[in-house]
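Read the single chain below, which is given as structure tokens and is the form predicted alone.
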């Protein structure tokens, strides 16, 4: 089965958030399942610089008036997985962020940029652009590729099948008509605008999202952001598949970013990592003081505003707080001001991959709340690193963290601390329970061990993705074609 995995970012070529991690790890896991995968992203300058064995493989004819397009092929810098970069200096060769300028303002031509990206991907998929390879399935991700299923569905003649994954319904790619090129007449009108997300949900052969709980939540008006009706109309062609993590990149036993490595039953290295994190962030070198980490976008979705409100309580609790993230300018400023007043608080504005690894290893508690959370990856990293997460019961957070109480400690399922109400008080209540357990090191160590030994690798989830791929194509991956034996046993193995 040949799979074209189309996404706006993929680590380490380009990253603003969890989508990049998924777009690197899931394709690799799909290859282990027997698929032949090519990842396609825009040719941002940093991506071009990192690509191995890069070469121009095709010229792109005029698309939406853009005439400087080429396809660049190569491999990821850290593995042999194949990549196609869609290059246009006009659209993707600029300095600044992937979607915004250096001041955090969206590029005014994002509608054109990602319509072009999707149209070029569609042309490659149906054979209009030849690189000597055509896919059986095109897997499009988030609003940036929402037009891709529409373009393919409207192709006359043989075409690949499409799967579209919505990673966050709050980001929809809604544009005024004047911001979008002439893409034809389709069912993607949304309150007077054109919605790229709606196009993906409407025209893909199958639709998925990133956790089972979130799949149920976004069928409601509270979480569907106006598109719940479109999803409901997809019926059995819509499902939720839990994200995983790359347990090679995110593994405290081998992580090269850490001052010392450690594993579930040999955690002395975690104490070294804690001291190094405290030193690097200018916190007091206090091995017995709990460190609360927060590494996330500083937005209301992530309850960063509630974190600001909780700062006096955290300061009075005797814990240290390490924050790494960027987002809302007001929240950034409030955290910076608080760090000036409280020596037990460190706030680093921006995202740094190395520091993110160090924070996961050096913290005792990861604060990862959310008003809604499609899946979340930071809490999965925290579990792997023995940093007990504090989360709200929503989306993928509910699917991955088991609240710690007497029963869950006894049955060895406890792995963190869960609260229900999306309020500052709800979050503080869970944090208070976490800090109380920290003072009971015997039970803390037991829950920490339970958390570290849980597995959220990608192989099981990649196996689940094979179901919609097989459903739309009827093609089994190579390893299943070679299997013999009972069909029911083979089907169970394919599902993970």
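Positions refer to the first chain, counted from 1. All values reported here derive from a predicted model rather than from experimental measurement.
Just so it is clear, the following notes concern the form predicted together with ligand GLC, a form of the same protein that is not shown.
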- Indicate whether ligand GLC has at least one heavy atom within 4.5 Å of a heavy atom of residue 13 in the predicted bound form. no
- How about residue 100: is it within 4.5 Å of ligand GLC in the predicted bound form, going by heavy atoms? no
- Query: Does the 4.5 Å heavy atom contact test between residue 472 and ligand GLC in the predicted bound form come out positive?
  - Reply: no
- Item | Contact label in the predicted bound form: residue 374 to ligand GLC, heavy atom within 4.5 Å | yes
- Item | Location of ligand GLC contact in the predicted bound form, chosen stretch of 165 to 173, 147 to 155, 329 to 337, 312 to 320 [non-hydrogen atom, 4.5 Å] | 165 to 173
- Message: Exactly one residue in 342, 393, 297, 94 has a non-hydrogen atom within 4.5 Å of ligand GLC in the predicted bound form; which is it?
- Response: 297
- Message: Which residue, 90, 424, 301, 179, is the contact with ligand GLC in the predicted bound form, using a 4.5 Å heavy atom cutoff?
- Response: 301
- Query: In sequence order, which positions of 1 to 24 have a non-hydrogen atom within 4.5 Å of ligand GLC in the predicted bound form?
  - Reply: 18, 19, 22
